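Let's start with one chain on its own, the form predicted on its own, as structure tokens.
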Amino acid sequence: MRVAENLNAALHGLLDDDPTAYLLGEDILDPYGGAFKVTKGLSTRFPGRVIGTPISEGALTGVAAGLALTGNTAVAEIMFGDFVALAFDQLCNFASKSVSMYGRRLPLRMVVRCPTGGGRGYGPTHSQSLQKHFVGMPGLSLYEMSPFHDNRAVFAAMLERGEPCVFFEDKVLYTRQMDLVDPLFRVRGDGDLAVVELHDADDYPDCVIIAPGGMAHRALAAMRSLLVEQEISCRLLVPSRLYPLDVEKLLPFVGDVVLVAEESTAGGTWGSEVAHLLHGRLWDRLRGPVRLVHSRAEVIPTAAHLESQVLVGESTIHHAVREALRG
């Protein structure tokens, strides 16, 4: 099953199980079914609870927050995650604050879906990874789609938190297969965390790579080339929830060389938050500082040969791991 199909099935399941659940977004109704066909079939099966909206990210996010505030479950789709910036006020000053600013905790079951990232030639304003702009906001949780996490379970976890969640969905994952890795590696789950490693992995491989779901395939490609060309073994850790990060879940799998890879540009990123948390707990064990790998601080071109020069790729991670091991 492809990741988009798994996500579509998760949304079908949510609307089927919860009669208070609503899905809102631009062009999500059949026969179009959304820009990436993730909402295909939903409006036909659940008329009245799948709502097409005008082109106003602020308005549709505000309506979703209002639905959640009155006891419903709301899922809002931002067609391209870049435009979640237009909904920032609704998320920062309304939805996240509403959980706790009325004198008692008020659960809000709300998810904002954000197709994100580059690699598909959509250009500067439709290819960004804006996760870092939402890290650290009280009352707002951040998740990222992964080929190693069943989306129905992820939605259940988000809604169980009882606070607004932003769900980043790297667009390059939609057509990829769930749980597919090179035969050299195996995938195992540890709750929120997916662990990808060699079948006969040591307790502490040469390097541990931590990456969100959208970076997983690039990290795995780098792991394969490092193993085949340099006999360097790596372990990949892919958390579903980015913030607040359960860093204690990472500790049993981390050795003395750690690298965090993400597609966003440097500066106040999720990766720097991960590095900060690990440094505080593992400083006496680490061989050196946690290495951070980001995309270049430039706009993302449309042309594929230029886009690949800006975004983090396999070769960037490969080089960073080798540098980290050199100390």
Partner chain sequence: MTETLDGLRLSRLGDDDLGLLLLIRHFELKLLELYGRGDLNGTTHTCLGQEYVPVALRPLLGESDHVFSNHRGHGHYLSRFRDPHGLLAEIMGREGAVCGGVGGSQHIHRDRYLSTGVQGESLPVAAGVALHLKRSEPGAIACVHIGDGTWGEGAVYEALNLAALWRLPLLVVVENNGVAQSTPTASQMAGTVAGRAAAFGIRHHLVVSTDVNEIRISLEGLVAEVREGRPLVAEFVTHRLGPHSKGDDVRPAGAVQAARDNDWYGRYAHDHPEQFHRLDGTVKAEVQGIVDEVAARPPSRREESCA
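Keep in mind the model is a prediction, meaning the values are calculated, not measured. Numbering follows the first chain given and starts at 1.
Just so you know, the form predicted in complex with its partner chain exists too; it's not on screen, but the next bit is about it.
Residue contact check for Ser233: none of its heavy atoms lie within 4.5 Å of its partner chain in the predicted bound form. Among residues of the shown chain, Ser141 is not one whose heavy atoms approach its partner chain to within 4.5 Å in the predicted bound form.
Although the partner is absent from this view, Ser100 contacts its partner chain in the predicted bound form, with a non-hydrogen atom inside 4.5 angstroms. Contact between Thr53 and its partner chain in the predicted bound form is found at the 4.5 Å heavy atom cutoff. Annotated contact segment (heavy atom within 4.5 Å of its partner chain in the predicted bound form): 54 to 62, selected among 267 to 275, 289 to 297, 54 to 62, 32 to 40. In summary, among the residues Asp246, Asp179, Asp89, Asp190, the only one with a non-hydrogen atom within 4.5 Å of its partner chain in the predicted bound form is Asp89. If you check its partner chain in the predicted bound form, you find no heavy atom from any of Gly136, Phe168 and Arg186 within 4.5 Å. For the stretch 299 to 317, the set of residues having any non-hydrogen atom within 4.5 angstroms of its partner chain in the predicted bound form is empty.
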